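Only one chain is included here, represented as structure tokens and corresponding to the form predicted on its own.
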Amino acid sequence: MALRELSSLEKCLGLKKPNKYSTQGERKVPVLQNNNGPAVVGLVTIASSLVRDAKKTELLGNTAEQRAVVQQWLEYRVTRLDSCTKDEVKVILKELNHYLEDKVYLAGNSFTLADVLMYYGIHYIIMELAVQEKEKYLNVTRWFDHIQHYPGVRHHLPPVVVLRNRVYPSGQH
């Protein structure tokens, strides 16, 4: 999965020459084969390197505080989301829903690498949620829908219908 994400990220960043990737270990950690030096290992490390190669460092954050928040969410993706059990999914959705109450993007008001990688990581979870569950996590659903429609992000993933249209308030049919 991480290899497809990295390939999609390359397209999203407008990088023309695709890189060569492999995986290592049981957890299939991505490895970027680098002709100019040692291999680069790990989803976040490779993704950050691609952002720098594309000269789009604003995706890593514009201020020290924003860079820290981006890094925090990238770490959250790898340490919490990627290894979560089915039971932990609801806790993660609840945490994310609460966090996004007053935010458009994960790092505040700017689209960043954190939004891209969290979107890629949470896509399969959102796809499996029933409409009622999507409505329960309204802030996550709003953020998810916004990111999936952000230009160039959703390359390898199918679109997800996130909310049904309500014609009448609940209970008045």
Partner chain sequence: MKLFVSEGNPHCVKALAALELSGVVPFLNRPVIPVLLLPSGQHLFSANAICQYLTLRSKSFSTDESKQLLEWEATELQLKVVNHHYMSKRLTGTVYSSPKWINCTNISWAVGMCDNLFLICVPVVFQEILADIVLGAALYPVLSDPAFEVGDLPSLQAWFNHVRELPACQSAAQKVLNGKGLEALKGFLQKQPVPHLQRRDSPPSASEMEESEPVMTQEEIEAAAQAWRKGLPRARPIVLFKGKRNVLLTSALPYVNNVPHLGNIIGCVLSADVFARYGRLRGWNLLYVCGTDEYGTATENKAREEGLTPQEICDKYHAVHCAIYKWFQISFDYFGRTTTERQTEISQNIFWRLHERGFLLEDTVEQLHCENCQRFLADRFVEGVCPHCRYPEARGDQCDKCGRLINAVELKEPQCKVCQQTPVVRSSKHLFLDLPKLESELEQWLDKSTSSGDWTNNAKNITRSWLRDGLKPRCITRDLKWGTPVPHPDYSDKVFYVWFDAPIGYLSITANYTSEWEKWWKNPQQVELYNFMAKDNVPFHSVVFPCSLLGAQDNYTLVNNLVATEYLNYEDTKFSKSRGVGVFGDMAKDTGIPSDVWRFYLLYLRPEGQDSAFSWADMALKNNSELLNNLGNFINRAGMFVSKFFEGHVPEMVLQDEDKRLIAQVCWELKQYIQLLDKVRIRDALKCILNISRHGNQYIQVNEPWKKIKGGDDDRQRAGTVTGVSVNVACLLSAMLEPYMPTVSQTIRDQLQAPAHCSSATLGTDGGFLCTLSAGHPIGTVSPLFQKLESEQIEALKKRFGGQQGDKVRALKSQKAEKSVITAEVTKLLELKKELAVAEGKNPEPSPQKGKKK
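Residue numbers count along the first chain shown, from 1. Everything numeric here is computed off the predicted structure, so don't read it as measured data.
Here the subject shifts to the form predicted together with its partner chain, a form of this protein not shown in this document.
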Discussion item. So, residue 55 and its partner chain: in the model of the complex, are they within 4.5 Å at any heavy atom pair?
Written reply: no
Worksheet item: Though only this chain appears here, would residue 114 touch its partner chain in the model of the complex if you measure heavy atom gaps against 4.5 Å?
Response: no
Fill in: Contact test in the model of the complex: residue 132 vs its partner chain, heavy atoms, 4.5 Å
yes
Worksheet entry | Within 43 to 76, the residues that have a heavy atom no more than 4.5 Å from its partner chain in the model of the complex | 43, 44, 45, 48, 49, 52, 57, 60, 64, 65, 67, 68, 69, 71, 72, 73, 75, 76
